[in-house]
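This document starts with one chain, in the form predicted on its own, laid out as structure tokens.
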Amino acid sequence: MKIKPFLTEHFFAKYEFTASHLLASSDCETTSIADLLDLSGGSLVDFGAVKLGYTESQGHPEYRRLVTEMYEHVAADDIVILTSPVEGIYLTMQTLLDASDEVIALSPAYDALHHVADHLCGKFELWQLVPTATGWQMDLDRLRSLVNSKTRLIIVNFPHNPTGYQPERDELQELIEIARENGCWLFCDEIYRGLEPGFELGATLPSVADIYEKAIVLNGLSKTFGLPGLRAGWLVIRDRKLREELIGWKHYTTICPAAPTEYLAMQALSVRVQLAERSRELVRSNLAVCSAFMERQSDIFHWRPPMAGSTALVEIDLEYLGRKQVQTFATTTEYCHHLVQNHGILLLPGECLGCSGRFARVGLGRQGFHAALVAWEATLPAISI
């Protein structure tokens, strides 16, 4: 049985490295190796001295210790270092699921969070976030109606990609209680954690790893810390038996992390506060500019500002565009192809992430965002005064 196509990565592979204006990226602005080492107090000499031998399958002990500083009740032995964050999705699903299991997954979502589980399990149910006039919300009653004795796993990600939704503390606790009552594992992708307003002041949710015994938490350095080229990530699994089974699957994939990545990841974790604050400030600035743009263009866009993270999902009135312009678009996929092919502006079609054909994802974490919005606005119908 073939797995479903990875539409997001196919779309980015076609356009990401040639487009003039990247308005769809989910990661935050990155840095060079030299600048990272300068910030962390490391050196290119030390980096050059790293031996290119095998590393420990579970990850360097100091690397794992640095990761635990991001949690309250997690030990170094609970951490499994990955060769890329997406590896953690694959390993988790292979370890947990077989054809008799049922899975419930929050939607929309990054393709891998859906397609690997759907490929392996017997029944795969989407649990939709609900759009409101000004944002998004979880329908916990709907989740209760979906979960049953055969449900093996519930999949979520907070802060949420692509909508920027973040649950309230009591909503997260209710979600966990639903999982606990039904004996379900809860896989939570927290790779945008740290991009919540007020995170530096402690005004954020706890990690699911700290509050649920059957949690499997994914995180890494790609998004909040702006280092996707490192391919550095980790899983937090406090259940020893499951963790050992997962490492057994890891032996069939990447075996162990790359030694150069481990060195640079440890340097990054030593200055994670500075890296995250730089990203939060960039997202704050870009969000203000984007909200003003969406207000000006409210005839075309229904804007639901993100609560956290570096992405937002905008609803586009394609019929309005069709009335105002010569060209019409049946879906945002058509519109996004048109934008990038004719204007060099890259948005991600919502269909790639499981949305209907009227949504597109905007990324808020990159420099050059204002110039990209100016270029996008120049393609739109003139605003009536």
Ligand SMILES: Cc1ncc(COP(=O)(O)O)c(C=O)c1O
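Each residue number is its position in the shown sequence, starting from 1. Values in this document were obtained by computation on a predicted structure and should not be read as measured data.
We do not show the form predicted together with the ligand, though everything after this point is about it.
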When the ligand is placed as it is in the predicted complex, which of 145 to 153, 218 to 226, 99 to 107, 205 to 213 ends up with heavy atoms within 4.5 Å of it?
218 to 226
Partner proximity in the predicted complex: residue 85 to the ligand, non-hydrogen atom cutoff 4.5 Å
yes
In the predicted complex, does residue 58 have a heavy atom within 4.5 Å of the ligand?
no
Would residue 26 count as a contact of the ligand in the predicted complex, using a 4.5 angstroms cut-off between non-hydrogen atoms?
yes
With a 4.5 Å heavy atom cut-off, would you call residue 191 a contact of the ligand in the predicted complex?
yes
Heavy atom within 4.5 Å of the ligand in the predicted complex - the one residue of 92, 267, 157, 297 that qualifies
157
Which residue among 313, 113, 79, 283 has a heavy atom within 4.5 angstroms of the ligand in the predicted complex?
113
Neighbours of the ligand in the predicted complex among 230 to 247 [non-hydrogen atom within 4.5 angstroms]:
231
